[in-house]
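Given as structure tokens, the chain that follows is alone and in the form predicted on its own.
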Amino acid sequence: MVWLIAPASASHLDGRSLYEENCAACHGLRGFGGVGVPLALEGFQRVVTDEYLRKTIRLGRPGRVMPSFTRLSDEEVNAIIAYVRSWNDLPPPHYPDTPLRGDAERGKSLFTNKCAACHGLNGYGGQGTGVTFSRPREAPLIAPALNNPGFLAAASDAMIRQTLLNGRKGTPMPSAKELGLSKQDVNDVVAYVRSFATRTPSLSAPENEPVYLMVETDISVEQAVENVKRAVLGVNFRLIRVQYLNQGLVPEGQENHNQAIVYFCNFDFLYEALAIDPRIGIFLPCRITIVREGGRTLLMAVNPKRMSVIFNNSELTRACGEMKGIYEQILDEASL
């Protein structure tokens, strides 16, 4: 993701360039979607307000893929919105501020029967990121998370209601009429969705986690390598290879034997993680680095749970937390 510094004069802002540098990677160059929802759809632009777009850019979707763009100036955000609006010759809608009256308990039953198949049983959205590998191939996009503090802060009751009434042409979302919902049913569903705000869990990234995991021992590098190999097999991972840290960077035979890396993988776990979010591949396969210095041997691994901060994906954070536990088990056993 590229972060931009606000230019000296807002009059020279280029909304297209700002969009391409900050939004196109997920929403598509012309807004027809990918990892992110399609912004160029007429059905989307008829329903969402500029304020919704503004808050969405500012707040993002904590725990989902979309980050918060706090470093963009107000002028830059407005320029992006103007460019997005230029794709359709439609004025932005305006809604009353009055909250809707509905029965949240009844809305829960309706949501479970009519909406949960796509948006998740508790409104947490479809699984995966929206890219082909991480979603069912028959699904053109991933349903957004409604039980999300970013969405709930950005969307008004009236906007959610209008979305339900109209559906979203160009996506799998049908209209209320197609779902067999009356206007009162819609109000009840909106009331239930709004009730998520009182019980949405914290989705903050685990930034208090250490960047790497490390243990210290007095055994040799060779013994540490053998210990790691046994520990890897003990947790049902497959050994891939062992190499010296500077192998390939120096002439053969001149490698530093006090620095080694053990690569390993569990392909079932790997596939499940990639299906959640393929970007996890940037720190795969699993590896432990072993370094001998100052009379001590250090065994080190990246902390997957800390690395998960960059993905803004709570589902992936849980998987990375599981991987952290496996790393810790291997490090503990290998250092004995």
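Predicted, not measured: the structure shown is a model, and the values here were computed from it. Note that residue numbering begins at 1 and tracks the sequence as displayed.
Form predicted together with a small molecule: not shown, discussed below.
- Segments offered: 115-123, 208-216, 236-244, 98-106. Contacting the small molecule in the predicted complex at heavy atom distances within 4.5 Å is 115-123.
- Of the residues A79, A260, A224, M173, just one reaches the small molecule in the predicted complex with a heavy atom at 4.5 Å or closer; this is M173.
- When you look in the predicted complex, the only residue of L181, A231, A191, A158 with a non-hydrogen atom within 4.5 Å of the small molecule is L181.
- At a distance threshold of 4.5 angstroms between non-hydrogen atoms, T317 is out of contact with the small molecule in the predicted complex.
- Contact annotation for P144: at least one heavy atom lies within 4.5 Å of the small molecule in the predicted complex.
- Taking the partner from elsewhere, T297 is found to have every heavy atom lying beyond 4.5 Å of the small molecule in the predicted complex.
- In the predicted complex, no heavy atom of L13 sits within 4.5 Å of the small molecule.
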